[in-house]
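Just one chain follows, in the form predicted alone, and it is written as structure tokens.
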Amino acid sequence: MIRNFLIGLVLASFVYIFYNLYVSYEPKTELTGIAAHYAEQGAKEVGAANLVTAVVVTYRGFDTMGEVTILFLTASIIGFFLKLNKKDEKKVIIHKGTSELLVTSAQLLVPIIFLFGVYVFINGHLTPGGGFQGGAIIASGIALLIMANPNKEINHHAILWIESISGIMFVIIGLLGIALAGGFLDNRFISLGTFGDLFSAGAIPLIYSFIGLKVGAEISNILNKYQKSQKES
């Protein structure tokens, strides 16, 4: 009896709270503050047709750098805990076999997935997409490759080089924005070009390209470490 009463009291409290939130809610019909500046001046300042993703790597460039750093730390921690010695790395994964359909699909789709991932982050300033999305698409191609052949050897050193060079170039572009334009990751140190063209929006396509390669390499490194951790004698 007491238990049912307490449950009813909790539910009534939630109903009261959400009802007050509903009654007091006032929808915003106009942009205010910095959001209005983005909407009114953003396209002119950064030269990108896709303003949403352009804001991520220009006005909020430090946030993006923090997100990339978090992903790097996550990949490093996972790699640390899944690290194998040289003896274990030579072992093979014992599996029941992969279907011919999956193998054939991987051979056909993986190159297309990689190409689409590159397209997504190169065109991030024009269409929905960007570095994070394109990098994740590339990593999904690696995942399909591993599923089709669990003993497939992924070039770990190539992944590390891509990840490192992309991260360094991302920071260098940010510093060039300080030296040659108005601030960190300011894309205007390269000509904005013609609005809507592929080669436009200043350095944004370069920024997205390096972010896409870095994100793709980091997620692929996680998949590679997990693959090796499944090896058995």
Partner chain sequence: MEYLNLGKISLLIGFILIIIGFWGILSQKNIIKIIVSFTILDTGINILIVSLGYIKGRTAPIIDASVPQLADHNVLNSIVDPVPQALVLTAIVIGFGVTALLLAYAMKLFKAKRTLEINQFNDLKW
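Positions refer to the first chain, counted from 1. Because the structure is a prediction, the values reported are computed rather than measured.
If you look for the form predicted in complex with the partner chain, you will not find it shown, but the lines that follow are about it.
K.L.:
Identify which of Val118, Val103, Leu71, Val110 has a heavy atom within 4.5 Å of the partner chain in the predicted complex; exactly one of them does.
P.N.:
When the partner chain is considered in the predicted complex, the option within 4.5 Å is Leu71.
K.L.:
Even though the partner isn't displayed, in the predicted complex is Ala49 close enough to the partner chain, meaning a heavy atom within 4.5 Å?
P.N.:
Ala49 belongs to the contact set for the partner chain.
K.L.:
Does Asp197 reach the partner chain in the predicted complex if we count a contact as any heavy atom within 4.5 Å?
P.N.:
It does not: once the partner chain is placed as it appears in the predicted complex, Asp197 has no heavy atom within 4.5 Å of it.
K.L.:
Is Leu82 close enough to touch the partner chain in the predicted complex, meaning at least one heavy atom pair within 4.5 Å?
P.N.:
Taking the distances in the predicted complex, the answer for Leu82 is yes, it comes within 4.5 Å of the partner chain.
K.L.:
Is Ala158 near the partner chain? Define near as a heavy atom within 4.5 Å, in the predicted complex.
P.N.:
Outside the cut-off, so no.
K.L.:
At 4.5 Å, heavy atom to heavy atom, what parts of 21 to 52 sit next to the partner chain in the predicted complex? List them in sequence order, or say none.
P.N.:
The stretch touches the partner through Leu21, Tyr22, Val23, Tyr25, Pro27, Lys28, Thr29, Glu30, Leu31, Ile34, Ala35, Ala36, Tyr38, Ala39, Glu40, Ala43, Lys44, Ala49, Asn50, Leu51, Val52.
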